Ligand SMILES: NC(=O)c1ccc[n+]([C@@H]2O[C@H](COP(=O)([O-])OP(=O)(O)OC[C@H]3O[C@@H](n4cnc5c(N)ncnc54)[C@H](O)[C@@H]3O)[C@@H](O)[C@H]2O)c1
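Just one chain follows, in the form predicted on its own, and it is written as structure tokens.
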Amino acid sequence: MAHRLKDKVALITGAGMGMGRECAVLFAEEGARVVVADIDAKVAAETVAAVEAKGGQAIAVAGDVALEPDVERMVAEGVKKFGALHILHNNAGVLWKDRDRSVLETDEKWWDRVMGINLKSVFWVTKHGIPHLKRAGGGSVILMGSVSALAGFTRAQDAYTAAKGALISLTKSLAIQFARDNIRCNVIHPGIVDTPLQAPYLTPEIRTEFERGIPLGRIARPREIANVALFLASDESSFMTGAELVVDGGFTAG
């Protein structure tokens, strides 16, 4: 086991599957103790088992990241278990292409729910998590944006796009506010990633269409995004804050 996150405690939201699970396992492999936060207690427990199978330590905390009492409790449970908090990885997000469409088609309840999970969750996690980072002498806050925040698409997902765009501004605000506390905040903008969240929409035809539009010629693997999150969580990125890292196979460079 490596030691890039030795003696660190990381809270990862949406860690029950996909990129969140990859991050939990990878962070643990690098020495972190991991607070696995997810709305689904079963998949959170499965991630903990995956971490422990690699020799790591983790705790599962179940709750809805869009609700302040749930987030406050999950943070508190993690700190009670491991004694501190150094990394906040705001990975949780939803991508509902059947419910989140153009502003002309999206119902208010789905707009609000997408905003709650993709944007408000970061508000709650940072509100309740950053005081613990301060007590620890600093740390890293990672936000999960999207290339959807950087470019428009004909297949509109306007709530998702608006939420991810807002995270860019929030990243910069948090970075400036807490720099003197040795707390860094950066945002990752992934392109399309082969995760359970995407699986229902990735028909062979859609997959081929995406692959043709990506200069590297393929869809990302979850571990490739997790590797970027690891870099931001570690001291290797110690002079980076307020930055946006685009990880899209060259899609937005075209």
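Note that the structure is a prediction, hence the values are computed from the model and not measured. Position 1 is the first residue in the sequence shown; the rest follow in order.
What follows is about the form predicted together with the ligand, which we do not show.
Taking the partner from elsewhere, residue 94 is found to have a heavy atom lying within 4.5 Å of the ligand in the predicted bound form. In the predicted bound form, the ligand sits within 4.5 Å of a heavy atom of residue 63.
Among heavy atoms of residue 171, none comes within 4.5 Å of the ligand in the predicted bound form. Proximity of residue 160 to the ligand in the predicted bound form falls within the 4.5 Å heavy atom cutoff. Just one of 50, 59, 39, 228 comes within 4.5 Å of the ligand in the predicted bound form, counting any heavy atom, and that one is 39.
Annotation: in the predicted bound form, residues 115, 120 and 242 none come within 4.5 Å of the ligand through any heavy atom. Heavy atoms within 4.5 Å of the ligand in the predicted bound form map, among the stretches 124-132, 104-112, 75-83, 139-147, onto 139-147 alone. Taking the ligand as it sits in the predicted bound form, the stretch 216-241 never comes within 4.5 angstroms of it through any non-hydrogen atom.
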